[in-house]
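One chain comes next, on its own, written as structure tokens: the form predicted on its own.
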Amino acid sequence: MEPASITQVRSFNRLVTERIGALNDHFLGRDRPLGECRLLWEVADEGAEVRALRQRLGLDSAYVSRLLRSLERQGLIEVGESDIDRRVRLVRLTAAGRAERNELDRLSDEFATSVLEPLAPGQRDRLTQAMAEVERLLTATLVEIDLTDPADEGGRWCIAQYVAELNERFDAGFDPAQSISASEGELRQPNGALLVARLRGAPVGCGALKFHAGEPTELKRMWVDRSVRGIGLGRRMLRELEDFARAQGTSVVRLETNASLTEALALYRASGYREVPAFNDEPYAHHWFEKQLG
């Protein structure tokens, strides 16, 4: 990593924490630090699970517990059992908590106005556009990709979303029973591998491999949720699948795809895949690709 890039990131972090007031215990002029205010924002009107709050904010259990106890003492939240599952701890806003969250919203709008007000109109546009780009890129850094058992709930959910989207986009629909198989057993080591991408603990994408002794590895079930498209996750997933295949001794990766998946076609071509004659009888395929892994 370039030292100048690291220096710029550190400088940016210092400026942002200074400008938003994250360094004191009176965020937005209230009598509490940023961490407590953020928790209030994350608790929806219907409440939120403690576990979900930890995942959403990337905080350890002990720290979240301290924040919640402080907010309870202030009368802003109540922590109790879920009505659905008594093992689940649920956080709910009190009437005072809802009022405080509304006040935080008002103060946040005022703060945003104070950031933009000193700037000329053109500068405001540049700043907000730059912020949107930084938000997209920082979101990309929060995504984690891990090897997952195909029977895992997150893996099954991703595969189900993949099937549903193909069924929606293909002219004649998509029936996985009519397609070349990619069963759980075929995607489980040593026969294959399933990688799942998660953002704040929630699955948002997947990709799989099928290994064949002495033959090219098949790339299957590439899917990225619409909510995170445009942040480079598809390209990253493809790269991690290639790295995994290479680590297993694979020298060639193959895949087939449908003509309606224009984004996938563009991704594969830009990633060094070359179109080859059909190497299987996949009924939903219009294009077949191959890549030599260096």
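Between two forms, the rigid core is defined as the largest C-alpha subset superposing within 1.5 Å. Note that this is a predicted model, so its numbers are computed, not measured. Just count from 1 along the sequence shown to find any residue number.
The discussion below concerns the form predicted in complex with a further copy of the same chain, not included here.
Peer 1: Using heavy atoms only and a 4.5 Å cut-off, determine which of D109, E168, E153, E215 is in contact with a further copy of the same chain in the predicted bound form.
Peer 2: None of the other options qualify; the answer is D109.
Peer 1: Considering non-hydrogen atoms and a 4.5 Å limit, which listed residue (A95, A172, M131, I84) is close to a further copy of the same chain in the predicted bound form?
Peer 2: Answer to the contact question: M131.
Peer 1: a further copy of the same chain isn't shown here, but in the predicted bound form, which of 186-194, 160-168, 75-83, 118-126 has heavy atoms within 4.5 Å of it?
Peer 2: Checking each option against the 4.5 Å cut-off leaves 118-126.
Peer 1: Whether T139 contacts a further copy of the same chain in the predicted bound form should be assessed with a 4.5 Å heavy atom distance threshold; does it?
Peer 2: T139: yes, in contact with a further copy of the same chain in the predicted bound form.
Peer 1: Using a 4.5 Å heavy atom cut-off, state whether I231 contacts a further copy of the same chain in the predicted bound form.
Peer 2: Taking the distances in the predicted bound form, the answer for I231 is yes, it comes within 4.5 Å of a further copy of the same chain.
Peer 1: Is V276 one of the residues lying within 4.5 Å of a further copy of the same chain in the predicted bound form, judged by heavy atom distances?
Peer 2: Although a further copy of the same chain is absent here, V276 would stay clear of it in the predicted bound form, with no heavy atoms inside 4.5 Å.
Peer 1: Using a 4.5 Å heavy atom cut-off, state whether V16 contacts a further copy of the same chain in the predicted bound form.
Peer 2: Answer yes; at least one heavy atom of V16 falls within 4.5 Å of a further copy of the same chain in the predicted bound form.
Peer 1: Within 4.5 Å of a further copy of the same chain in the predicted bound form, do we find a heavy atom from each of R10, I20 and R236?
Peer 2: Yes, each of R10, I20 and R236 comes within 4.5 Å of a further copy of the same chain in the predicted bound form.
Peer 1: Within 85-104, which residues have a heavy atom closer than or equal to 4.5 Å from a further copy of the same chain in the predicted bound form?
Peer 2: Residues within 4.5 Å: none in this stretch.
Peer 1: Do you see a C-alpha shift of 2 Å or more at D152 between the shown form and the other one, with the core held fixed?
Peer 2: Result for D152: no, shift under 2 Å.
Peer 1: Quick one: core overlaid, is L107 moving 2 Å or more at the Cα between the shown form and the other one?
Peer 2: Yes, because once the rigid core is superposed, the C-alpha of L107 moves 2 Å or more between the shown form and the other one.
Peer 1: Once the core is aligned, does V252 move its Cα by at least 2 Å between the shown form and the other one?
Peer 2: Moves: no, less than 2 Å.
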